[in-house]
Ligand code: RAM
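Only one chain is shown below, in structure tokens, and it's the form predicted alone.
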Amino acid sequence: MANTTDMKSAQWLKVAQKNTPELHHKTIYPQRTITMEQDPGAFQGWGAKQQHSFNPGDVLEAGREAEFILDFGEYCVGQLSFALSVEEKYDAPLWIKISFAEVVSEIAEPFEYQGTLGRGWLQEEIMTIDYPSGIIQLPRRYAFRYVKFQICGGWYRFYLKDIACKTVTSADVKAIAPLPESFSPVLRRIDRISLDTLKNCMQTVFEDGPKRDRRLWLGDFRLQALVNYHSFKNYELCKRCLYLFAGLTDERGVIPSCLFEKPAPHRGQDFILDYTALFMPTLLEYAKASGDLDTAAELWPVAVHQLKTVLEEVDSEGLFHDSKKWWLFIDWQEGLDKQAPEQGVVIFSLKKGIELGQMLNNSDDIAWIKTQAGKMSAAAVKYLFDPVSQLFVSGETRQISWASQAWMTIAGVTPAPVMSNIATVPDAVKPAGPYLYHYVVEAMYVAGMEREAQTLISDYWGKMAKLGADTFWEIFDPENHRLSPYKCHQINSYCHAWSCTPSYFLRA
């Protein structure tokens, strides 16, 4: 007979299955044919130049060898289909290579891939068609704006028509109203791109990216859910994700940092300490937004266990130390010391545990959570706050970073206006990507710096918009457009969940 834990896991996975969302579809057609051209001022040095406009009934015609690049005019997540025909007499099969791209450089440059992730995430399809006629529907789901056809046949002419993408999302876009006219055009454009980013990541789970990974990550999920609560309001999808995490804990009872849906739900191998701690705030935010206290009560022991697990990395005085047993994420910035940011994440999560415990009238757990939160807050001020610089420092080198100030501010450990102070330190370690930029913006709002927060949104996400982003990117350095955590920019995700959060700040 299965033990109690296994029975609960099976039960929770059934709850997750019952909350599988309805999927919405829309047919999108290409808008134009284009050529690529090098442009030093464009993102990653490549721009698109229109050849011809393209209408749904138009036909692409060529003989023997041909190359077409189609621009769908917007970001699409779905299945591509097209009709194929040839002249009555043909002497050889038709060979077709189809490449999909989120941004122009993905088709402008060949896939000479030497990155650290599996090459299979690069989007291309090669097929040989013996009898080239009829409707061709590609079996995989792709994420793209641009599609490149490279075709080689025999001594005959061939024709492509009815090219279309049947898109898919669990987001219901009909209920979304635009931001009021009182917001600047820049902020309204950023909001629209943010919601397009989230929409395309909302499938049967909150995916981190529809091109690459296509899985549920806990840290991404929290940020997606925050935007969702103020836009699409798909509470069932959030509930599904919470129960998937709860149902897939490991033998220690620890929630995985990522999980897969197929062929059956199973956990990934990554365990990120800051993500684990954030399960408690994620559960609280769901309960407050949806009013579903039953789910919060049922999963409360799971959330509490995550806090107890991460507290194993905290010493008797309340100071966090890196035991090297966990992946500490915080941000992709190389050389970032994680001690102070992780201290802030855990304090924040403990305080959110107090809030959720009070909502659930769970006095037994609240007492020790309060004790741990107080002890860690005191240790942060005693050991990590520098009275000279009036900033938090991290690690043996006493590194000063935006990450440390942001997370301590969010955690409510504020012996000084550190978010104002950090702006005067030009050599402070800056964020590398949108995930940490979200928490810097959040810290600014917490610190009462609303104007500075909106300026940062306009400057950072607005720069992506100016560079032509249809959806916001996984990683973005305004000074280095080819930055990649995976040693190759082509495998970066250019529609990425954790980048959608300007809509949360603008709509909350």
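Keep in mind that what you see is a predicted model, and the values were worked out from it rather than measured. Throughout, we count residues from 1 along the sequence that is shown.
One more form of this protein should be noted, the form predicted in complex with the named molecule, which is absent from this view; the next part is about it.
Residue in contact with the named molecule in the predicted bound form (any heavy atom within 4.5 Å), chosen from 191, 220, 342, 106: 220. For the candidate set 142, 329, 146, 326, a heavy atom within 4.5 Å of the named molecule in the predicted bound form is found for exactly one residue, namely 329. Contact between residue 313 and the named molecule in the predicted bound form is not found at the 4.5 Å heavy atom cutoff. At least one heavy atom of residue 272 is located within 4.5 Å of the named molecule in the predicted bound form. Although the partner is absent from this view, residue 486 contacts the named molecule in the predicted bound form, with a non-hydrogen atom inside 4.5 angstroms. Among heavy atoms of residue 212, some come within 4.5 Å of the named molecule in the predicted bound form. Checking 343 to 351, 329 to 337, 300 to 308, 146 to 154 against the named molecule in the predicted bound form, the stretch whose residues place heavy atoms within 4.5 Å of it is 329 to 337. Contacts between stretch 490 to 508 and the named molecule, counted in the predicted bound form as any heavy atom lying within 4.5 Å, involve 496, 498, listed in sequence order.
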